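Here we start with a single chain on its own, the form predicted alone, put down as structure tokens.
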Amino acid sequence: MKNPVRTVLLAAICLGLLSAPAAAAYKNEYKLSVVPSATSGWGLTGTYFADQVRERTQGRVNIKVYFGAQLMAGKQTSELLLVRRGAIDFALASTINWSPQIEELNLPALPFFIANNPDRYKAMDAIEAGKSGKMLEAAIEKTGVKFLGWSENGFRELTTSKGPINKPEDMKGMKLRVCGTPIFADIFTALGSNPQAINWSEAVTGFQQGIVDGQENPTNGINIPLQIWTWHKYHTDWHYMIDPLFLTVNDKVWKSFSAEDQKIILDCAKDAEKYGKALSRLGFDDGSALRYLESIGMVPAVTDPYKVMEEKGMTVTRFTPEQIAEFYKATQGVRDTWTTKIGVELVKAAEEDMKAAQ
């Protein structure tokens, strides 16, 4: 005699009446926040991640990228709050923009802290892979969002309409656009300039109108796509801080995904890290970035940023280790003050991670 309960269950399965609860909870679209434009390295990395997730989940997780900080009305420092609330599902965020709420994220912004190493890229990778990186991830997740992985916007270089910049005294009195986070004001004040906190959505207007004399941003990620030479003729390669990016997702959204899709998303985050770092480091490392981009068939139009800037009429000043050491000394007070705010244990762990990688 047939079991009636078993017969009903089999019939329901065949008719597709029973489905996985996680799949039933999926949205038609998930929003991913990116601060700059689609053509920036940051924007390209966000698009790469979204495309990979959509393809590998066969459309189950459909992520749409929103560029230009449009999900937070141009106020980039409000991004964390909106991800926590669920108004934003995913964010490819900068440590800079979340640092007002998570002070530990000021670590990569300690002036010349990472650049004052034999290999600045190896030093940054060592932090992310080491004890200090795990401490940063934990600090992010304490806010109630899920950390997915790292990426990179690049070391932030200085461009100005006045110059060249060779020593701290050359910056005296300059009006320079900076992010609206406190450590930036402290750094540029210590170097004798006049920092102007302007949201990125309003920065270009400031360049056009001559409100500021310069700004600092990653070369490949922002300055070249923006064609910064339109307003600034001097580029200072000083690597004073790096702008790591990281992928996060609202915790409730993360828990709504099946275990299979969670694994796929984490794998896509790892690949986005490789892609984003390659875009950031292209033309500045030992050639590894170009080889990787060639291997995945995604080489951008500009592979020699120094050549492009000089062809566009910019004067490029590349700091020697001695010049970096001079600026390192000039900003010692800032590092001392912010080490206390960030956490002595975290800074010490980062120093140990970088030393072990040399």
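Start at 1 with the first residue shown and count on from there. No experiment lies behind these values; they were computed from the predicted model shown.
Unshown form predicted in complex with a small molecule; subsequent notes refer to it.
Asker: With a cut-off of 4.5 Å between heavy atoms, is Q76 one of the residues that contacts the small molecule in the predicted bound form?
Answerer: Contact check for Q76: yes, within 4.5 Å of the small molecule in the predicted bound form.
Asker: I'd like to know whether C268 contacts the small molecule in the predicted bound form, with contact meaning heavy atoms within 4.5 angstroms.
Answerer: No, C268 is distant from the partner.
Asker: In the predicted bound form, does Y234 come within 4.5 Å of the small molecule, counting heavy atoms only?
Answerer: No, Y234 sits far enough from the small molecule in the predicted bound form that none of its heavy atoms falls within 4.5 Å.
Asker: Answer yes if any heavy atom of K277 is within 4.5 Å of a heavy atom of the small molecule in the predicted bound form; otherwise answer no.
Answerer: K277: no contact with the small molecule in the predicted bound form.
Asker: Specify the contacting stretch among 171-179, 126-134, 259-267, 103-111, defined as having any heavy atom within 4.5 Å of the small molecule in the predicted bound form.
Answerer: This holds for exactly one stretch, 171-179.
Asker: For the three residues W42, I96 and N153, which mark the spot I'm curious about, does each lie within 4.5 Å of the small molecule in the predicted bound form through at least one heavy atom?
Answerer: The answer is yes: all three residues contact the partner (heavy atom, 4.5 Å cut-off).
Asker: Given that the small molecule is left out here, which of D89, E157, D243, D213 has a heavy atom within 4.5 Å of it in the predicted bound form?
Answerer: Checking each option against the small molecule in the predicted bound form, the one that comes within 4.5 Å is D243.
Asker: Just one of N217, T248, S193, N220 has a heavy atom within 4.5 Å of the small molecule in the predicted bound form. Which one?
Answerer: Here the answer is residue option N217.
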